[in-house]
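Just one chain is shown here, as structure tokens, and it is the form predicted alone.
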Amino acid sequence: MLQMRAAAVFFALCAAMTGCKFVKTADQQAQAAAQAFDPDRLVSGSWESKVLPYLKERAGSFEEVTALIASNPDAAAQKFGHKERGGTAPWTYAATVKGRIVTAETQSRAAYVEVDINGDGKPDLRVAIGPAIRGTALRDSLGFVNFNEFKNQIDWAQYGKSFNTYVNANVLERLPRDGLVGKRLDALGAFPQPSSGELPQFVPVTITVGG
């Protein structure tokens, strides 16, 4: 009892003194660090277990997806697409791409190749090859994450950016940069519904170039 009273007096005195503060222990600091928001860790931790399996299961061929978008947008959205409820972003679709590279822009940081799918020699979509990737197509294509799980818009935006950072470091940096025109390209990824007259902007999660 005496020890408890002494402790109470100590805490009361400490609270009354402006210069007195409590320092977190090493365990408390480690726990706080583990609970801190880390979008890079969220992406890397779910890439193999959730992201790739989801897109593989959800994707249709680029020809199939775009044909269904043109003929029945609602059906395309339900079968291949995802969109945040109440959000203003367009539908984003999972797709596989098989075609031949007809244009390559590798001087820009937001480098890309344009791919002919149907063999007419004209580009049907643009594929990002990094290092900078515009937009948040990968985040927006995933039905198992949503904005309400995040603290605020800033965290949500950083999460989207982390997908681009991850895919560049682990997939796109391995790609050749020379002699790309004429080579075959196979990829799995996602693209948002493009504006009228614009090429779809495709972001891959897996990609091979050669042949």
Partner chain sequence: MKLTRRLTLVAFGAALAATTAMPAFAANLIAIITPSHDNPFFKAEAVGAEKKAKELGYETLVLVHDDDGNKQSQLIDTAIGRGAKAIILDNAGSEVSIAAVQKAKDAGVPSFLIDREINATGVAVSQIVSNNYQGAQLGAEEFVKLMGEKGNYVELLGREADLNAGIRSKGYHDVIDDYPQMKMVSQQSANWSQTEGYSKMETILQANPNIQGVIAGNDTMAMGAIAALQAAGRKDVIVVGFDGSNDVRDSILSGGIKATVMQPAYAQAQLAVEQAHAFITTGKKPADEKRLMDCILINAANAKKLETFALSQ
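It should be emphasised that the depicted structure is a prediction, and the values quoted were computed from it without experimental measurement. Positions refer to the first chain, counted from 1.
Only in words, not in the display: the form predicted together with its partner chain, which the text now covers.
Q: Taking its partner chain as it sits in the predicted bound form, is N170 near enough to touch it, meaning that at least one heavy atom pair lies within 4.5 angstroms?
A: The answer is no: N170 has no heavy atom within 4.5 Å of its partner chain.
Q: How about A70: is it within 4.5 Å of its partner chain in the predicted bound form, going by heavy atoms?
A: Judged by the heavy-atom cut-off of 4.5 Å, A70 is well away from its partner chain in the predicted bound form.
Q: Residue-level question: is L175 within 4.5 Å of its partner chain in the predicted bound form, judged on heavy atoms?
A: No, L175 sits far enough from its partner chain in the predicted bound form that none of its heavy atoms falls within 4.5 Å.
Q: Using the partner position in the predicted bound form, report whether Q78 sits within 4.5 Å of its partner chain, counting heavy atoms only.
A: Result no; Q78 lies far from its partner chain in the predicted bound form.
Q: Determine which one of 62-70, 182-190, 47-55, 157-165 lies within 4.5 Å of its partner chain in the predicted bound form, judging by heavy atom distances; exactly one does.
A: Within 4.5 Å of the partner lies stretch 157-165.
Q: Taking only heavy atoms into account, state which residues of 70-86 are within 4.5 Å of its partner chain in the predicted bound form, ordered by sequence.
A: R85, G86 sit within 4.5 Å of the partner.
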